[in-house]
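Let's start with one chain on its own, the form predicted alone, as structure tokens.
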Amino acid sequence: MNIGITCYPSVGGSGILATALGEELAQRGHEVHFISYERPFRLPENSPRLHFHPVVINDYDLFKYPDYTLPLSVKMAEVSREHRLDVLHVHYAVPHATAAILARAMLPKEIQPRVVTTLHGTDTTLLGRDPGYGPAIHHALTHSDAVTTVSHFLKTETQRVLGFKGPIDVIHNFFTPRAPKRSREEVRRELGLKNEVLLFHSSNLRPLKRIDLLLETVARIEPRESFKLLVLAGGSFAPFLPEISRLGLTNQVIVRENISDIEDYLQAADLGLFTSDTESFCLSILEGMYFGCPSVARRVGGIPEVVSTNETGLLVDSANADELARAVESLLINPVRRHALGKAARLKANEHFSAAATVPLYEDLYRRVCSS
């Protein structure tokens, strides 16, 4: 098949998932065309059947803000026409599904691609509640040929918040780890670690990730000399440095920003820590699971679909820093249990959240919409 994919190219779960999906589809013989304002940061160069088409955004004085939706729709129509795309798979309804539906309308009926929209969370949980966006999102979903969500939680929220009555396929995220470029020992030496347990947190640092609660939790974990926290930040961590200083965590927290080779660092970690107010899935937890790294997280959103508490990690019911800290401490002092949870986490990741289990679901969906 000829498949177009549009996603946000920056660091974030949706872009990582979309890029990995494109790579897997190309390896299965499909022609995959990425359409975005810049190359997705994990998309390899010069790979067979993987193509990138940049969208040029002009900043005209006529507009107060540069417009992306219209140039994106024009590029989608252009690529669809030139490469006879069967499917445009867009990640996020706004602006991607909106642009795809407009692009389709620009084309003759006989070469119009099917539009598959995957929701990752913000479309529903944030923009869906905004009267300036909600109706446009509902329209985009209604006019998509198929809609998918990355968790059952997000499916339910989409139906509730947006009042969307159409069918929704739940296809969980997957992760295909690349081989680390350095050994675990090399990375731990780089981080200045000796025998400490390495906690890790990976996110785009948006407010709902609750970095304030993350740091408050770390400040309450005892004994301090037993661990350090590595933050893999998808953006600048500078706004949080005053809080690190206030909490006395300067020697406790290690930050690496915009890392593409996350596997190097994940293999060096022992335990994940996530304090988000909500998550549609939490791909970062899954990434750690592949390296035998269990997580302590709040029981919110789609996280319980990823973490089985007391089996592959620990879930905490509140946003209380003391409770989160006690859960972390229970695994710091019990390496046998921590390793057992990590082993189970790796097994669950490989059995339920692998490319082998997930990509065929997308292929079946594409075939279904194209045959209808």
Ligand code: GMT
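All residue numbers are counted from 1 along the displayed sequence. Because the structure is predicted, anything quoted here is derived from the model rather than measured.
One more form of this protein should be noted, the form predicted together with the named molecule, which is absent from this view; the next part is about it.
- Within 4.5 Å of the named molecule in the model of the complex, a heavy atom is found for not a single one of Q27, H30 and F175.
- Interface membership of F281, defined by any non-hydrogen atom within 4.5 Å of the named molecule in the model of the complex, is confirmed.
- Heavy atoms of H120 reach within 4.5 Å of the named molecule in the model of the complex, making it an interface residue.
- The named molecule is not drawn, but in the model of the complex it has a heavy atom within 4.5 Å of R206.
- Within 4.5 Å of some heavy atom of the named molecule in the model of the complex lies at least one heavy atom of G13.
- Contact annotation: the named molecule lies within 4.5 Å of heavy atoms from the stretch 282-290 in the model of the complex, the single such stretch among 109-117, 180-188, 216-224, 282-290.
- Contact with the named molecule in the model of the complex, judged by any heavy atom within 4.5 Å, is made by just one of V231, A99, V150, I137: V150.
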